[in-house]
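Presented as structure tokens, the chain that follows is alone, the form predicted on its own.
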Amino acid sequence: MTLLSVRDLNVTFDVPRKGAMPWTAPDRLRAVKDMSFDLAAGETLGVVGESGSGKSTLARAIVGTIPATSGVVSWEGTDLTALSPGERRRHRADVQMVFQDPLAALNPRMTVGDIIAEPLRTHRDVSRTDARNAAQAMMERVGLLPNLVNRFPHEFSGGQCQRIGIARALILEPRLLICDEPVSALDVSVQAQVVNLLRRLSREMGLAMIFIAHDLSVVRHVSDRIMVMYLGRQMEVGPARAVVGDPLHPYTQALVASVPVPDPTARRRDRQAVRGELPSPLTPPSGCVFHTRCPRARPDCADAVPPALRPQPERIVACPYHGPAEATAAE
């Protein structure tokens, strides 16, 4: 069953020109461009890409914290972008978010118990005592001692603060959890603990997840499918093992090649890491936005946006010259 359906989603910001007169028309920054995908109930979709690819903007547009310029975000057939703020508020209990910086996402003047219980008191008609008991039960579920309920966020480590953020997001028993780089600010050992916690809770609660991260190994570990973004556009979508093990789009191949491999004999020398710098989203390249850094680029790549192709039943690739990495090396 399709839980979330995104169709032709665009998010655009007006950026004032530096040094220009106040009446000068602003530049248009297209953070997300023509994004379309579906998410089934209980499925985990990993979203990867370089910084500036539009991953966090996409997540916030789905949640509704920033407005979509155009397109449709459909929740079980209901277009969320067409709802009023009051109507949208009733759907927020079903879609919750875990943020990147665990300490900055928590109110330093509130106790942990109040932080976790706040969504419950906002969206449900429960007493303070019942909300506190539910917060303690959720703390225990995410691996925190319930007797720490009266402490403040600064008294916890980064990993513990992220567990508090996860507990706050899950207290309403949502059906979709959006994780915006939830482990990038944590140590490697703590990252593994948080990722395993999210996987366990996803299975226990039947959660669907959108998991945003830079680390391909983390995304592969937690995701059923992976979507690769570049400058706000969708480059490739497919099963996690296939996208990481046999990438088809040149950008995905470059991302996989950029992952450090501890064993020198296991490194793939036929794959090149990403070359050059990410272009400015204010002035993206014409045609295929990746053609300025692509090893397979041809003159016609700058003429038109490539269509989304289906080389395999469960895979989508936005490149007419897609293929395995060995073909790239041979060309």
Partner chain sequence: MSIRQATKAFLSPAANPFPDGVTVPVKGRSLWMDARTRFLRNKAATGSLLVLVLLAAFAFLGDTISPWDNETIDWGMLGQVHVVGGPSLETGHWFGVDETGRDLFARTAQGTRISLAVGFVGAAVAVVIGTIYGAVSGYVGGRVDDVMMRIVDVLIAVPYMFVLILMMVVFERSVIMLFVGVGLISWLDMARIVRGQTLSLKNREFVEAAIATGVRSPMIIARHIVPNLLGIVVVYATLLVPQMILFESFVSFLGLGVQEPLTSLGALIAQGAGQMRNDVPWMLGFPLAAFVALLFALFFVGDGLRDALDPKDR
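Positions refer to the first chain, counted from 1. All values derive from a computational prediction rather than experimental measurement.
Although not depicted, the form predicted in complex with its partner chain is the subject of the following passage.
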Partner proximity in the predicted bound form: residue 147 to its partner chain, non-hydrogen atom cutoff 4.5 Å: yes
is_contact(residue 202, its partner chain) in the predicted bound form, heavy atom dist at most 4.5 Å: no
Residue 104: touches its partner chain in the predicted bound form, heavy atom cutoff 4.5 angstroms: yes
is_contact(residue 140, its partner chain) in the predicted bound form, heavy atom dist at most 4.5 Å: yes
Its partner chain in the predicted bound form reached by all of 215, 277 and 301, non-hydrogen atom within 4.5 Å: no
Per-stretch contact check against its partner chain in the predicted bound form, the hit in 242-250, 71-79, 219-227, 112-120 (non-hydrogen atom, 4.5 angstroms): 112-120
187, 130, 155, 173 - the one with a heavy atom within 4.5 Å of its partner chain in the predicted bound form: 155
Stretch 190-215 - residues with a heavy atom within 4.5 Å of its partner chain in the predicted bound form: 193
